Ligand SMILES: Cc1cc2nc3c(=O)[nH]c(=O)nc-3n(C[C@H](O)[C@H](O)[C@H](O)COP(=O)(O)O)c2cc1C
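Presented as structure tokens, the chain that follows is alone, the form predicted alone.
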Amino acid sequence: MIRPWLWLPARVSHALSGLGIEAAAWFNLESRISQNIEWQPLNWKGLQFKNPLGTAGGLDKNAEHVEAWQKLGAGFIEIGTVTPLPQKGNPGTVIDRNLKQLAVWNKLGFPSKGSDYVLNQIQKLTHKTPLFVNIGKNRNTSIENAGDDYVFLTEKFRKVADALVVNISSPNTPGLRNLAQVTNLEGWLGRVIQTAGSTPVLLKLSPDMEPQDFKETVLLSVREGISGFILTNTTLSRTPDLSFPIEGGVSGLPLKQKSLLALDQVQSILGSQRSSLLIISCGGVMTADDVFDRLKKGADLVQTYSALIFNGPGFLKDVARIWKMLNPRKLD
């Protein structure tokens, strides 16, 4: 398959990605996509997922391509990270990739057009695919006051989001990961969940947490009434073959084992409580087999990001096609 976007520098491809997504949706809408998006459907808290494979946060930060992703076959769509006020991303080079290692590096730092803009974008949609809104604090908001940003965003989006994703795991906003510590999280997570009302709240966790910290955060979140977890965000770890800067997060194939470990860990920690919670596996999902493996290992839903960069938006359709080839009797 020819993938001309990979001939371009990563920063150029990133800048043009929105145009590429819209073009792919337009060219494929009437041919194959609309007939092939339903496989292994899921009903959770009244939400209908036509298939369990969705797009991860970061692909559509400002809800500008939701309908395109829907046409391309996403079972659900996560937009954001959205911040209360508009803010620019980090300066300098903020994105790169390694084709040999199938790795993506970024230190974008929550670039956002702000909550007012994103809310207006969502209100214009006629989407039917479940829409998750990923929320995060502004860069200049202190850790002590971070909860106020999350509560503000929860109140703003709870009526238009099918679920809210609390992002405390990006490595690209200074101090953000400290919010995952129990002593910081217990002060405001309950406020977010209470404010959300009937809208489910999911917590997106880091793959770099120590096992005991991970366990304590999961258990606290459950006590506070969390509806589920996304496992995981990008990693600060580096393999010897990667020459990315030490700052910023890595996704793609090098994240695979950490993401799988987190999936196993959370199910072990939850035990009998697991059945009522939504578990979404994200990180290192590069092939159709990876998607199916995450589902077999207990994930309810799966998200992909880097596979869409290396394979193109047709990856969603390809996974659906392969699943149907492998499960012809389930279509009867």
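Start at 1 with the first residue shown and count on from there. All values derive from a computational prediction rather than experimental measurement.
What comes next is about the form predicted in complex with the ligand, which does not appear here.
Visitor: With the partner left out here, if you bring back the ligand in the model of the complex, are S115, T141 and V192 all within 4.5 Å of it by some heavy atom?
Guide: Not one of the three qualifies.
Visitor: Counting any non-hydrogen atom inside 4.5 Å, which residue from F110, F214, F132, F157 sits next to the ligand in the model of the complex?
Guide: Only one listed residue qualifies here, and that residue is F110.
Visitor: Taking 4.5 angstroms as the cut-off for heavy atoms, does C282 touch the ligand in the model of the complex?
Guide: Residue-level check for C282: yes, a contact with the ligand.
Visitor: Look up in the model of the complex whether T81 has a non-hydrogen atom within 4.5 angstroms of the ligand, and give yes or no.
Guide: Yes, contact at 4.5 Å.
Visitor: With the cut-off set at 4.5 Å between non-hydrogen atoms, does G252 touch the ligand in the model of the complex?
Guide: Judged by the heavy-atom cut-off of 4.5 Å, G252 is in contact with the ligand in the model of the complex.
Visitor: Considering non-hydrogen atoms and a 4.5 Å limit, does the ligand approach K50 in the model of the complex?
Guide: Output for K50 is no: heavy atoms all beyond 4.5 Å of the ligand.
Visitor: Among 178-186, 117-125, 228-236, 194-202, which stretch has residues whose heavy atoms lie within 4.5 Å of the ligand in the model of the complex?
Guide: It is 228-236 that comes within 4.5 Å of the partner.
Visitor: Can you name the residues of 88-108 that have a heavy atom within 4.5 Å of the ligand in the model of the complex?
Guide: The stretch 88-108, when checked against the ligand in the model of the complex, contributes I95, V104, N106, L108 at the 4.5 Å heavy-atom cut-off.
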